[in-house]
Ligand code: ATP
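Take a look at this single chain in structure tokens; it is the form predicted on its own.
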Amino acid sequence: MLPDPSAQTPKPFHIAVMPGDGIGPEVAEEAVRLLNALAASDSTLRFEFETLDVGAGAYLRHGNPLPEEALTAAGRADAMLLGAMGLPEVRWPDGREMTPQIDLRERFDLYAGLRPIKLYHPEDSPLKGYGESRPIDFILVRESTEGLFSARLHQQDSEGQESRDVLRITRKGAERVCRRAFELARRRRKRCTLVDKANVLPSMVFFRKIFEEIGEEFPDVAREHVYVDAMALFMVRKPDVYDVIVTENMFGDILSDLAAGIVGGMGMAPSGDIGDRFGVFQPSHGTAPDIAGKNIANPVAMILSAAMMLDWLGLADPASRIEAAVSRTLADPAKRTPDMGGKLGTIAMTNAILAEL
């Protein structure tokens, strides 16, 4: 008798876990715990986790924040799950803080930084009048391999009279991130907004030109441009009108923090850095060393990042189950960590989500 294919053990998804520094290991542990619970309830789902030692702590231990063996292992994985990396006091000799998460984006060509912004409960926003009738639900797509960040490794003369950083926009880089944004908009509410500074910077004029060219491939998606300074205003005044926003690296870095602030803070902001072959998923927050080890960090952004990872792996149903569990949990204003005015610890917050899952 032939074996029943449905009874065969499914091949596990190999996930490279990079806990990192500060609160990174705490929130990463909770995301892994939740994913294991999800797999335990679904016989078709299996995960195999490999923990990699990277970050500022790895530099202090081994002299390298992103060892080559860790990069090789990460490249073999189906996806990468990252807690947070870097510590303010651990810096390179030139004074820059170590940012191995940026090195990962550049090494694996993770050009599309996806930053979903969603308000789960009206009480979580400092803005009045937003909630079910006026939902805040948009995605900021940040170009993550070029822009102003591309100059970060250039040697500067610390004894000189000036220092320069170059904002680099290539046709290839602009085309692919704009196309990814339009593809997302087509699956959502069919509106794509470019944030630039084309009234001042020639590089932004070039970016806008390419945005328009790619937009012609998506006639069903409405498109518009907003200057970055105006977007800082509009994101506070009318965040409910936006669907997909695409922008340059530095602008995206700044606006994604502002966007997180209108839905409850960095602990509510997941992210994914996506390329054509690889994906790294992490909370948008930093390492917060001042609260590390105290069991008070908010795990929601990390858990939602894990849901983004599942969706990217083609596991749409488990991903939606996680987000639905988060949504049901946050429907109760009492279920919050201290950063949002609540009293639940990191583990207790995850337990509340697990109960809904």
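Numbering starts at 1 and follows the sequence shown. Only a predicted model underlies this, so the values are computations on that prediction, with no experimental measurement involved.
Omitted here: the form predicted together with this ligand. The next part is about that form.
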* Asked: Can you say which of 282-290, 200-208, 183-191, 137-145 gets within 4.5 Å of this ligand in the predicted complex, counting heavy atoms only?
  -> 282-290
* To do: Please pick, from Gly267, Gly173, Pro239, Gly272, the one residue with any non-hydrogen atom lying within 4.5 angstroms of this ligand in the predicted complex.
  => Gly267
* **The unique member of Ala297, Met309, Ile303, Val54 whose heavy atoms fall within 4.5 Å of this ligand in the predicted complex** => Ala297
* Asked: Does Met18 make contact with this ligand in the predicted complex, using a 4.5 Å heavy atom cut-off?
  -> no
* Asked: Should Ile23 be classed as touching this ligand in the predicted complex when contacts are defined as heavy atoms within 4.5 Å?
  -> yes
* **Neighbours of this ligand in the predicted complex among 312-344 [non-hydrogen atom within 4.5 angstroms]** => Asp339
